[in-house]
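As structure tokens, one chain now follows by itself in the form predicted alone.
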């Protein structure tokens, strides 16, 4: 179980267990649950609504399988209690093949409104416009950043970017074409920044942020806050971004994905030595670091393991999903009295099959 610190941590544990009971009741109630989980429950010899009382009890479901999210019918994931709402479908990542799909109704708005509360207004001013320098198309990120900008009173300007094309170019060895495509994306960004003076904030992946800063000065462009996420987020890049690229702008690294939402960064302090430390959006999602060979067992603090994700919202229930990432388990802190993760990176045992492209 994810450790929770002190009395505040105990309060959170009680809140988490209550949230688990509420979500299990919702997803397994014939009136409100989704067809997928209602069918799943019929094959069990136990009743989730009666037997799941705490977060630890979610272990009874076993591990959520990657393949369940590939292909349709996607409506089997829509809870009956939300069936009258407009439904979005988002695809994960930029890999090729049949993508994992996740339905969404309000979660992407809720997740980014919660994230908005962690952004300092001094650097991400209310009313400022944003540049979204990341993947477009069927990915949640584009709409989520757009909503973040709108929620903060601004407008989001976007570029066209297809990460699957980038990955194909890399696999074909067409590195020159890949660089041309990256330049095409950066040219779009520079054109937008030069044309719209009210853009003060932006989202970018690490590779695209570096490529943009090779072309223009963020300071001269008026950028005061950068929200950045992607698999290339390392302590080395963190230091490089803060010391070389930002020119005084605020750097907000994040760890997020379509299945979880957003884990927020612990504010920078020198003693962390540019480690990137994230805390999940409790109780809507939890990240744990588990033993890769025994993924029901949480590793000790400071130890390395595979990232295990649990998502608990009204529109999406995903217990015990093994991510393709690894990290170190991080102690709770004053601001977030529950476990975090340090220096998330691609899971080393899978690296040979992972091509990250523009991320």
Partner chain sequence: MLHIPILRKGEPYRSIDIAKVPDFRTRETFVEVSQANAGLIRRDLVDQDSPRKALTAFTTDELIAMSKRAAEYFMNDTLPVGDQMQTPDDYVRQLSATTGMPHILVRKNMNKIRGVMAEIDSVLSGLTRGLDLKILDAGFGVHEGHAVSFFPRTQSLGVILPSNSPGVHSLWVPSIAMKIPLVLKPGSSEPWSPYRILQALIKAGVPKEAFSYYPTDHGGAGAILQYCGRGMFFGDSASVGKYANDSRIELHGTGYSKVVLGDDVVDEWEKYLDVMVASITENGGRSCINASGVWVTRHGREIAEALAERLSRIVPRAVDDPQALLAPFANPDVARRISGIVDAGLNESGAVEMTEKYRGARLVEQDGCTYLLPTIVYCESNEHSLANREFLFPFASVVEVKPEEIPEALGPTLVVSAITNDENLIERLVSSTLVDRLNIGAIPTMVIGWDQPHEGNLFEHLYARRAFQRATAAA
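Numbering follows the first chain given and starts at 1. In this text the structure is predicted, and so the values were computed from the model without any measurement.
The same protein also exists as the form predicted together with the partner chain; that form is not shown, yet it is the one meant from here on.
Proximity of residue 191 to the partner chain in the predicted complex falls outside the 4.5 Å heavy atom cutoff. When the partner chain is considered in the predicted complex, residue 162 lies well away from it, no heavy atom lying within 4.5 Å. In the predicted complex, none of the heavy atoms of residue 137 sits within 4.5 Å of a heavy atom of the partner chain. Contact between residue 286 and the partner chain in the predicted complex is not found at the 4.5 Å heavy atom cutoff. This chain is displayed alone, yet in the predicted complex one of 197, 121, 187, 214 has a heavy atom within 4.5 Å of the partner chain; that residue is 214. Screening 274, 181, 88, 251 for any heavy atom within 4.5 Å of the partner chain in the predicted complex leaves a single hit, 274. Partner proximity in the predicted complex, defined as non-hydrogen atoms within 4.5 angstroms of the partner chain, places exactly one of 173 to 181, 252 to 260, 69 to 77, 154 to 162 at the interface: 173 to 181. Using a 4.5 Å cut-off on any heavy atom, the residues of 243 to 272 that reach the partner chain in the predicted complex are, in sequence order, 243, 244, 245.
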